[in-house]
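Below are two forms of the same protein chain, given as structure tokens: structure 1, then structure 2.
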Structure 1
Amino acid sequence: MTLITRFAPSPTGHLHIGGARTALFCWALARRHAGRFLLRIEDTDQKRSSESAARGILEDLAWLGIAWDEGPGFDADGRRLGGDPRAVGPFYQSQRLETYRRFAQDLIDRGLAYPAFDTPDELAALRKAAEAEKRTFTYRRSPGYDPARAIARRAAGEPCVIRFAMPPAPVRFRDEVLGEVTVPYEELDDFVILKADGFPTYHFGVVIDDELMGVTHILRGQEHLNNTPRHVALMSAMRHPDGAAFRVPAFAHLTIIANPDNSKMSKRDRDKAARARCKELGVGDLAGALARAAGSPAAHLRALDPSAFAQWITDKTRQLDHDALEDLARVIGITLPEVAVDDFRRSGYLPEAVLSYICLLGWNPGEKDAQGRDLERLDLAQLVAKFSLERVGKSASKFDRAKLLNFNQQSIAALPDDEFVRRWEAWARRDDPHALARLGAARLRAIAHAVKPRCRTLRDAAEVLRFALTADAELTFDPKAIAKACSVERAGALFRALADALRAAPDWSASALDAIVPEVAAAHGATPAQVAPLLRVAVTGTLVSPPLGDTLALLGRASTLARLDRCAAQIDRAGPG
């Protein structure tokens, strides 16, 4: 039998990093066993789902390189993803409503499901009462429930939901990573399967679609563990029109991915971080935030409604729109924690680094390399070759940004220069157009070899080359750096000798330029280490830069000499030396 896995996100925002890990494992398991991996969009919450979010998730998956065999169609790098070769679609649950209704009706006809007419207020009251008695609220049909009357009321058009009549027995199932799990009947209520708007609930849609789409292995986050007994009970109760029973697929619940403080990694973490910073700064309203934004571009923040901001700042459950939040973060001087795949992409992470890091969250190959080191940083092909459910761990893992950053740095360093430039250009086009305009791909190419090992993210490239992104006339010289560089004996003479040598240099290549500092040093009885800082601070304004030859070659002779002049002027102003 073909192994079939699926990833079934709800399109309420960008793909969460935990979702990406789930999708990756589903994909890897299917590939490992020459099976199929399908993607289904669970858009049954009409209020929160959006087509743009669904598209965003497809883009995120494609960016990571996780290709789905079946599901919504998508073009990625000339490759067509998705499709419906087995004719089991559509893959948007909102397009499968009639199917759910038919199955619900069958359940009702067999007395295994029933209409319920409670209003939200009534349910809330029931819950509150249960809580007061320190009891868990579990919905049950009232003793006097009259099925015939209920069905008549429903037929008359009275609004209602359909609930599953939970069979009174404990539910037991086997989880591939956790083992046997048993849940007592008392914990299982008569949950809703069809909402008042005619849409299925998650529980109902997932059970029907997994059956109809032939899914054999369900991999999902551990937060779903408690839902599984409901699904198993449903599967046992349901049948096809021809009377055939539903299958019970294999389950594997993946560990939670947590923040360093042990809280679950959530999209709200970004709002939380910004809110905390606002409080720290005493920014209580939009006007205050905008005041700080003076002079900096914060278009999305400006477009925000003051009352929306006021609500956001006090209500922990509220989230600001993505772009407005980014603007706000810039204004209050923090970087938001990345939690969605797209956040990492924007921050300059490479997909291969993200992938190799998240596949180690709750799984590892358990192999050593020739040096006795753990095998880490796998690529997709290695993952497929080695993946197995047996090696999936049981305990929650914390997301370690430092390690991800290290993986990313190594991935960047491993890129051939041309590829590095190509990736940076593609990234900068969207996320740092200013740097792209000032630097340009061609100039980056010339110094790529020196920039790569200094970047932990693609964004760092502009930071490493900041001196080159600044116009000669706007370069500022750090006074402390100048003082330090000039602390050498006869600094003025050395500086002039450097300038003369540079002006006369016959060959403006990195290797030729690298020879100048030792030459000048030797001629004046100084060491290269005493001379180099003078030149470095003159052309970059600081004491830190890529190797001087590369730095000078990138700037070019005219720019170098102009900077030398400006620096000399500043040294003169500061006093003779």
Structure 2
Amino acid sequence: MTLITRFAPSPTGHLHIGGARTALFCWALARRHAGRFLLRIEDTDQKRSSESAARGILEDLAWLGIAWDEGPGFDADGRRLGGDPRAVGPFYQSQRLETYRRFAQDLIDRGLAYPAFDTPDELAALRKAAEAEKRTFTYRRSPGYDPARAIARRAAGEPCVIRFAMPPAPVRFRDEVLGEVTVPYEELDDFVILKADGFPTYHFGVVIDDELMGVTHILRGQEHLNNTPRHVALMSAMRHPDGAAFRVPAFAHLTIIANPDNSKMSKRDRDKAARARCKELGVGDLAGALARAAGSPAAHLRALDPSAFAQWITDKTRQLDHDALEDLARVIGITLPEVAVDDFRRSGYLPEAVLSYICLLGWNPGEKDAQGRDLERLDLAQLVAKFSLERVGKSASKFDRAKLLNFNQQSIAALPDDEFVRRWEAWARRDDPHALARLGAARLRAIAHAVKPRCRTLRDAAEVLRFALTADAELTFDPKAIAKACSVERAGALFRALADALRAAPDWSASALDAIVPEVAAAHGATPAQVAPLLRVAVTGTLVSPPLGDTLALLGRASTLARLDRCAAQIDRAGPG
């Protein structure tokens, strides 16, 4: 039998990093056993699902390099992902409704499912009664339930749901990570399998699709463990049209990914961080937030409006959509914690660094490196060669952002300069077009060797070269940097000598420009360490930049001299002369 795994996300937002870890493990297990990895989009929640979110998930997986063999077709960097070679699609559940209804009807016909007409108020009363009796609420058919009358009411068009009649016996199954699991009948209710709108619930759709698509191994997060007894019970009850029984696949429930404080890593962490910053600033409305924005507020807002902000700031259960939250973060000056794959992509992480880190969250290869330490970095080929469910852990994995950042810095440092520039250009085209327009790949290529070692993320390249992305007339000079640079004796005279030497420089190459500082220092009885800060603060506004020769070559003669002229007055005022 061919081993088949699947990843089946709901398109309600960007792909969570935990979902990416699940997809990666599914992919690795399939590759390890020469099987197939299938992608299915579970879009039956009509209120929360969206086409844009579904496409975003495909883009996230493709960016990471997790290629699905079967599923929605998608073109990525010249590769065609997905397809339906076994004719088991379509791969969007919203396109499979007739299949679900047919199987639901079969269960009704065999007395294993039934229409239920309870109103929300009636269900609330049942729950309240259970609470008063200090017992867990489990839905059961009332003793006087009349199946024939219920079926007739449904046939007449009366709205209802379809519930599965849970067999009165415990449910047992084996989990490849957690071992044997037994759940008593008393803890399992007659759950809904088909909603009143004709769409399946998660429980029903996933069981049918896994069977019809031939899935042999189901890997998913431990938050789904309570769902599995219901799914196993359904699998045991269901039949194909020819009478063949459904199979029970192998299950493996993966540990959750937690923050360093042991809280579950959630998309709500971003809203939490933004609310805390608003509280810190004393911001209670959007106007107050905008007052904190630098520059024109219109430049910061695309998706955030006053009414959405007002509801969000007073209701901790609400979440702003992704773009609105990004807008707010820029306005209030905060870097949001990365949680979704797209967050890491926007921040300038490399996909290979993200994969290398998350593959060791909740799994380890059981091997040591040459120094006897646990292996900390694996590429995809190594993961496939070593992956097994036996080494998946049972306890929560803590997400260490500092460690991932270190991984990313190492990955960037290992890139050839041309590849670094290519990656940055692709990132900036999508996530920082302003930097791309101001800097350009050609200029970055000339200084890549100096910028790359200073980058922990691709976004850092723009920060390292912020001075080059700023118009000459808009460059601000750090007062502390000016004061420190001008504390050197005869700072004013040294500055004028630098300006004269640069104006007369016949060669504007980095190597030639590097020679100017020691020449000026020697001519004036100073050291290069005393002269260099004067030039650096004049052209960058700070005391930190790439090597001076590279910095000046990147700026060009005109910008360098314009900045020297702007800084001259401040040097004269601040320096002792």
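Counting starts at 1 and follows the sequence of structure 1. Small disclaimer: the values here were computed from a predicted structure and weren't measured. Heads up, when I say rigid core I mean the largest set of C-alphas that superpose within 1.5 Å between the two forms.
In this pair, structure 2 matches the form predicted on its own, whereas the other structure does not. In the two-body rigid motion between structures 1 and 2, the C-alpha atoms of E180 and F399 are best fitted by the same superposition. Note on conformational change between structures 1 and 2: the chain splits into two rigid parts whose relative rotation, smaller against larger from C-alpha fits, is 11 degrees. When the core is overlaid, the C-alpha of A523 ends up 8.3 Å from its other position between structures 1 and 2. At R490, the distance the Cα travels between structures 1 and 2 is 7.2 Å after the core is superposed.
We note a C-alpha movement of 2.7 Å at A435 between structures 1 and 2, with the rigid core held in register.
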